[in-house]
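What follows is a pair of forms of the same protein chain, given separately as structure tokens and numbered structure 1 and structure 2.
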Structure 1
């Protein structure tokens, strides 16, 4: 039975489950096959052709993301033919639009000038805002793409920056389709799809309108799925300055509702500059809503309260947490003693976690002794 449900990849024998593709078997066993269009938990398309492999008996190279594993199949992932095909695909993709991340033909002096100029770039025309975090760039470096044999296509689309959240630069789009799958299969918003044909093909919202005039809810799922610089948060453009230093990731729980979505805060010098979802962890597996992904400006607002306030004679003054909590405890005890526990009521919040709401109602019932607890389950 084992031999009937196994395939050979690069000389190693691996079992597979019914319905698994060659790519899934390889990934599960730590075998690296590069991908650009493949997206976990979405329908494989085989669009980018980066994951091609050589299968014994097949007439051509096959895209491993759409090729089912079959008993006795012999697969090779790194033959000269496979490597040649991947390099050709990369060269074609790099010539398909405005991909200036490698700047292959510049000498060191010019490259230094280029970097310095990019720090004050107007609308990221000089340096892509995802430089250093681009899957296409990563693969081009890995496969040692030194130069472009094909004349780069002139950008055929204007940059769309008329909404406050996402910049769409379709001149950098490689038509991998990950954003369409993220929108239609993961979030099921159905706001974008493929439009036009041939050389005019592009990703469009309904009626080829700007995102702000479409059905887009700005959850940003497409941004997180995009492997290049075609979809970038507006604030990433604003923060694209290497001189500002490195960012560090801090994992936390979104507090906009009680779902408990896991997110990474990208923090630079004590300031949140970006938020992304944690992809391999539930309950959200990378997905975030518009508030979770883009609603963090208030954290750094100069109007934000940073200390408790106590009102005395009509005016507020700052106090320590110990002083404020002592005052609250004294007043609660006084009201409870004079009027009974049911004279107190507790309104909880949908903007804190389920665990925090549980503790608050436990405090009301077990400490104060009242069941007057309500919760606004609306945002």
Structure 2
């Protein structure tokens, strides 16, 4: 039969593979179903209920991320009932935490009061640091959440900023569980989990201690996974000033270990302000470690060398490129002439690019005439 392995979504017929969920079939075919907690590389939980759809014959709306596609299933992703459910869901999420962005479309008086109150709370005086880069905010705008029916909550948790990498503000946490999955299922660092029950539910490191005193290794997988402003890189908070100009993303390869993780450098006004993993390709599919994700400040270090240096009487002085290179050429020539090319050696580097290594060994072999070429990689 034709309907054997196909389902109908919003009137269109789509085939599916065994084990695929409704959400996966929809995503594969470019049908937009909003998600908050869904993570590609982890088992779906159905926690946020944003991805609900109507399935013919089902008594309630179903979370599409945990609903397997079955032959002949008829799915609707945009009925008034689905929209209503998503809106209500968003309103509840927005009011559940300290989401002090403009999306809380309150009337003027209530808004001012709310802002004043929230700013007086310890450490919460600024606008949410991920403003403009928040999945919850994005969905709230898309679903036109206004005239909120629930009073927004005040900051319920203290900000944790005692480690040098990650700021945790659980007062903005929507308990989607993505960070827990990122930590336990993707990186398998097993540092955080759900703690407490019911209304006191909270994401905790073992013993509800700060990350710094836990098994956390600061890979930042949870930060990249968090859809809201609950987990934010420290740098982002320091640098988050929109007046500093536009952010560009440049894709490159990590310069630390040999895994070669693919990453985006987020550059604003000539400075790297953040690094994130590239999710579509290997070897890392979005993951990074603490060095790759947070170890980029050296690029902008004031200690960088900025001019050629020539040593004179035991001290360095700055020189022009012409002067420095002429001096080197002169000395290489002299040594080569007096003692032969094999009295010169070249140490290349595991730190520079293939192109640079290639040229350097070509220089040693073809121009100087020696095979004294090595690098320190075996060390």
Partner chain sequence: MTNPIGDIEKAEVILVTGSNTTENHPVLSSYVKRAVTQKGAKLIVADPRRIPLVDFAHIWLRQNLGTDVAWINGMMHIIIKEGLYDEAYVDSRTVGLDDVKKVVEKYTPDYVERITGIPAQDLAAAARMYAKAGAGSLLYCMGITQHICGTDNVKSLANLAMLCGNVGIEGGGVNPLRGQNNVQGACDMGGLPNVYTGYQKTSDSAVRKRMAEAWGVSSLPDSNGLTVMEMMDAAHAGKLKGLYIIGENPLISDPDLKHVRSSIQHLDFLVVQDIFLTETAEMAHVVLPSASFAEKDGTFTNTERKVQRVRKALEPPGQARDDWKIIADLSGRLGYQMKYQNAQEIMNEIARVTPSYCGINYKRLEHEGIFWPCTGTDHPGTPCLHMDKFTCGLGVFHGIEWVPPAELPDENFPLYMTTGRVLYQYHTGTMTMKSEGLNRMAPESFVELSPGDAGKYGLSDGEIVKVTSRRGTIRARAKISRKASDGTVFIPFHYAEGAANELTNTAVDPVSKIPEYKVCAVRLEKLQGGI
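Superpose the two forms; the largest set of C-alphas matching within 1.5 Å is the rigid core. Just so it is clear, the model here is predicted, and its values are computed rather than measured. Numbering follows the first chain given and starts at 1.
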Structure number, where the criterion is the form predicted alone: 1
Core-aligned CA displacement of residue 309 at least 2 Å between the two structures: yes
Is the shift of residue 353 between the two structures large enough to count as movement, that is, does its C-alpha move by 2 Å or more after the core is superposed? yes
In whole degrees, what is the turn of the smaller rigid part against the larger between the two structures? 17
